[in-house]
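For this one, two forms of the same chain are given in structure tokens, first as structure 1 and then as structure 2.
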Structure 1
Amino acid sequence: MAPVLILLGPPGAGKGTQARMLQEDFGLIQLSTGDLLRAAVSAGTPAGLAAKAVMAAGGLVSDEIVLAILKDRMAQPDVARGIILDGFPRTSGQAAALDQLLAESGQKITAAISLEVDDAAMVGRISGRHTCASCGEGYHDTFKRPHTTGVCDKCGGTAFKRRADDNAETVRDRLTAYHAQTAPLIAYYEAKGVLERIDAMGPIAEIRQSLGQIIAAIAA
């Protein structure tokens, strides 16, 4: 059965950074509801128009909208290789809907991995974040700079962008939403016997290695 991995953690924990690396290391598909929603906002779809203000304010988009875009993405054939869910589920309703969606196709969650961090460090991580405008590779002003300043390591692009919701005030609201609505899912997956916890305060490469060990152990 293809693996279904969930990365749990507050804004800035490194879910996107590590999901992209796991995609490279293991050929799994990263499914980021944040990326899917930002694409819908850019495209001006009805879901994007409804989500835009909520995202800008650091709140959670409705389960109805998020589930609709996730189901569309999960209907595409590449997900048969196995998936890493990044930023989903975020509410108990989304977690129950995921269980049902997987059960309908004879699948189940392989592991939910909680990236454990100190909230205080997350504002700094998010304020320094930027991505390549061409390929989406993620960087940080201090912690992950391109090898050549101003040039993307991956594609050679020279334009970078920052997210509209990456400011200190919105990050605090996103952290509040995380603790109120998403952190309880850690106990939910612990009760199911699929929870793994890793310390995600260390260097990016070390966390990549820890995650790789967990996935290799699951696959063995």
Structure 2
Amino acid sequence: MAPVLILLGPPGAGKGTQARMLQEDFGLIQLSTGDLLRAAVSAGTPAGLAAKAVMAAGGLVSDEIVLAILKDRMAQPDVARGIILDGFPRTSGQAAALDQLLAESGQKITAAISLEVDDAAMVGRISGRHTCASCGEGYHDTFKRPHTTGVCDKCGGTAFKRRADDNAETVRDRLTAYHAQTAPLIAYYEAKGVLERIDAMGPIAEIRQSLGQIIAAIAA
């Protein structure tokens, strides 16, 4: 059975960066909720159209719509080697709904990997990050600079962008929200016996290696 992985961790823990590396290393497909929503809206799928209507009205896309979009994506052949969920689930209710969705196709969560970080350090980590405007590759002023200043390592682009909410005050608010809403998922998956913990304060390469060991053990 193809692995279904979840990356847990607060904003700035490196979930997106590590998910892309797992794609490269193991052929797993990263499924980011935001990317899936945008793709479904662009493609005009029934679930995408429903999401578009909600967003146009200024509302929040319901769990039912997100799950419908996720179900559509998981039916595509490129996910046969396994998936990494990035940004979903965010609550215990979403986790239970996801379990039900997976059970319908005989699947289940293989591992929920918690990237453990220090809140205080997250403020500096997030406020220094930026991405390539062309391909979305992530960088940081201190921890991950392009090999050639001003040039993206991945696509050669020269335009970079920063999120407007990547500032200290907003980061603290987002961390508070994470601990209130998403951190209980750690207990949820621990009770199911599928939780793995990784110290995510070290170098990116070390975190990548630790994740690789977990995936290799799952595949063995």
Ligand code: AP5
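Given the structure is predicted, the values throughout are model-derived calculations rather than measurements. Rigid core (definition): largest C-alpha set, two forms, superposition within 1.5 Å. Numbers given to residues start at 1 and step along the sequence of structure 1.
Note that the form predicted together with the named molecule is the one shown as structure 1, not structure 2.
Core-superposed comparison between structure 1 and structure 2: the CA of Ala80 exceeds or equals a 2 Å shift. Annotation: Cα of Lys71 displaced by at least 2 Å between structure 1 and structure 2, core superposition. With a cut-off of 2 Å and the rigid core superposed, Thr158 has a Cα displacement that falls short of the cut-off between structure 1 and structure 2. In this core superposition, Leu37 moves its Cα by 5.7 Å between structure 1 and structure 2.
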